[in-house]
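Below sits a lone chain in structure tokens, taken as the form predicted on its own.
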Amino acid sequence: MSTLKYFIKNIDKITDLTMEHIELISLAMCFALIIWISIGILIRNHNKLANGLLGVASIIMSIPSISIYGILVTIPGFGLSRLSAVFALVLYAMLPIMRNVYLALNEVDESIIEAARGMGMKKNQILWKIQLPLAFPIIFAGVRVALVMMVGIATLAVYIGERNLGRLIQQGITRTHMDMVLTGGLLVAILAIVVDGVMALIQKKLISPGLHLDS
């Protein structure tokens, strides 16, 4: 009950922090989509390069996010800034997005590609008209995973100067204000669930029923 009272009393502040949280992950996702989908497409026919990059992505994924933030703030040009927060989130999106793009494009049935070649289609036409549409469900699944993951990882960006829902948790722990901590934790969890739900709805709308993956 006291947590609800805290929420109602501080609704304006909480709304601002929620919007800042959404703005940060939206900005990071835009960059992640451009970078990792492009690289995933470029490495689709280069297995050694792909394995190397996916290995790097796996290593990055295994590093605690607070460590990544700590490393970035020491690099000239980054520091305690939104650039560091965005860059870290983009790095964490590397594995789920790039891997899914690479795997999805390479899993398109070779007989379909051969049929397209027989019809006179060129490589770029096959990529854009055949491979990407067929690979889209798997690519979208990777984007969905990356986006939900960002919601949680962004919370720790408060330690490098970001204002988002993580601030409620951070300041709540510092002040031993459990209602503040609980409010922040619940809102981050709810935001992750909502984001995942919205992505599931978009997936159903955009992807042909015959290509749907199990949600």
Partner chain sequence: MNEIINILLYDAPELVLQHLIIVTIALTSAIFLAVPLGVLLTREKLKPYSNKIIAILNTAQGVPSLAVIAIFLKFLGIGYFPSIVALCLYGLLPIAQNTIAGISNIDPDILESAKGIGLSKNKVLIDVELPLAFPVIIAGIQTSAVLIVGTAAIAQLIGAGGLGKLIFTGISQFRPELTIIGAILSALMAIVFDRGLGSINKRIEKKYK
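All figures in this text were calculated on a predicted structure; none of them were measured in a lab. Positions refer to the first chain, counted from 1.
There is another form of the same protein, the form predicted in complex with its partner chain; it is not shown, and what comes next is about it.
Remark: all three candidate residues (64, 169 and 182) come within 4.5 Å of its partner chain in the predicted bound form, counting heavy atoms only. Only one of 35, 186, 29, 41 comes within 4.5 Å of its partner chain in the predicted bound form through a heavy atom, and that residue is 186. Under a 4.5 angstroms non-hydrogen atom cutoff, its partner chain in the predicted bound form has residue 192 among its neighbouring residues. Its partner chain is not drawn, but in the predicted bound form it has no heavy atom within 4.5 Å of residue 49. Though the partner is left out of this view, residue 148 does reach within 4.5 Å of its partner chain in the predicted bound form, counting heavy atoms only.
Mapping the unseen interface onto this chain, residue 156 counts among the residues with a heavy atom inside 4.5 Å of its partner chain in the predicted bound form. In the predicted bound form, not one residue of 81-106 has a heavy atom within 4.5 Å of its partner chain.
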